[in-house]
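In structure tokens, one chain follows: the form predicted on its own.
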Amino acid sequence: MLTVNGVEVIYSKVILVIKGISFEVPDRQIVCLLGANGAGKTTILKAISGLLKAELGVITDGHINWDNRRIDRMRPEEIVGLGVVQVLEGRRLFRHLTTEDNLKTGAHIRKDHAVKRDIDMVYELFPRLNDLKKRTSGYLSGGEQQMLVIGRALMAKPQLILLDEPSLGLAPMLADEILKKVKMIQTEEGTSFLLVEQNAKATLEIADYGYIMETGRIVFEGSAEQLINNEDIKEFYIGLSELGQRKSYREVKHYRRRKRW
């Protein structure tokens, strides 16, 4: 289990981005973080994975535990070695390498001899990658690249994947397909996910539990069923009014919010 306890994050010694956040990701569950751009969702993922230092970010209070072991003082490679892997937003690939060579880089910390078997497992999960295994990855489509970065993360044999905006820039049908694959991985492999997404409706359909973030704080939480049936969540994160009518972004943005939480 991942436990985040009262974590605060400051960038460049002056900008307070995360303001005392606490939450949990139980084993074998999908937990989502929802909220508008700038809420701090990506920052909390990087705090967990140890990547904050590369962006002049520092955890100034609280602590992060993985399986009862404190990890917020560890280096990123140590955290990966414990089974926690982040898939960064924007589909970061080694673009001059082939699809299969990218998958192999995900297994570079492993010392077992089952890499070929796990590459085959990724190809079974994403058959399109098998068709493109010799293709230079920089020439893959956005959806194919997203499949590849998730597959590369699986090559590290993670127990928890921190997945940042997997549907970003993808057509709705392809985004739904990616999220269904995430659910399949959780069900079949027992992998936990902490999922950051803008697509609240599709995310809550596969998640077990969710947290709503605003300006560095968690303002609401509940089971996926509770969140997807909450009128405020439907209105301001899914874009549906209480009458079931979709509002435009402008209408939602300028509506006087009811602070139920």
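One rule holds for the numbers: they count along the sequence shown, beginning at 1. All of these numbers come straight from a predicted model, not from anything done at the bench.
Only in words, not in the display: the form predicted in complex with a small molecule, which the text now covers.
J.: Any idea which of 201-209, 30-38, 219-227, 66-74 reaches within 4.5 Å of the small molecule in the predicted complex, heavy atoms considered?
T.: Answer to the contact question: 30-38.
J.: Any of the heavy atoms of E89 lying within 4.5 Å of the small molecule in the predicted complex?
T.: So E89 counts as contacting the small molecule.
J.: Report whether the minimum heavy atom distance between I21 and the small molecule in the predicted complex is within 4.5 Å.
T.: Looking in the predicted complex, residue contacts with the small molecule do not include I21, since no heavy atom lies within 4.5 Å.
J.: With the partner left out of view, is V17 within 4.5 angstroms of the small molecule in the predicted complex by any non-hydrogen atom?
T.: Yes - in the predicted complex, heavy atoms of V17 and the small molecule come within 4.5 Å of each other.
J.: Is E55 close enough to touch the small molecule in the predicted complex, meaning at least one heavy atom pair within 4.5 Å?
T.: E55 belongs to the contact set for the small molecule.
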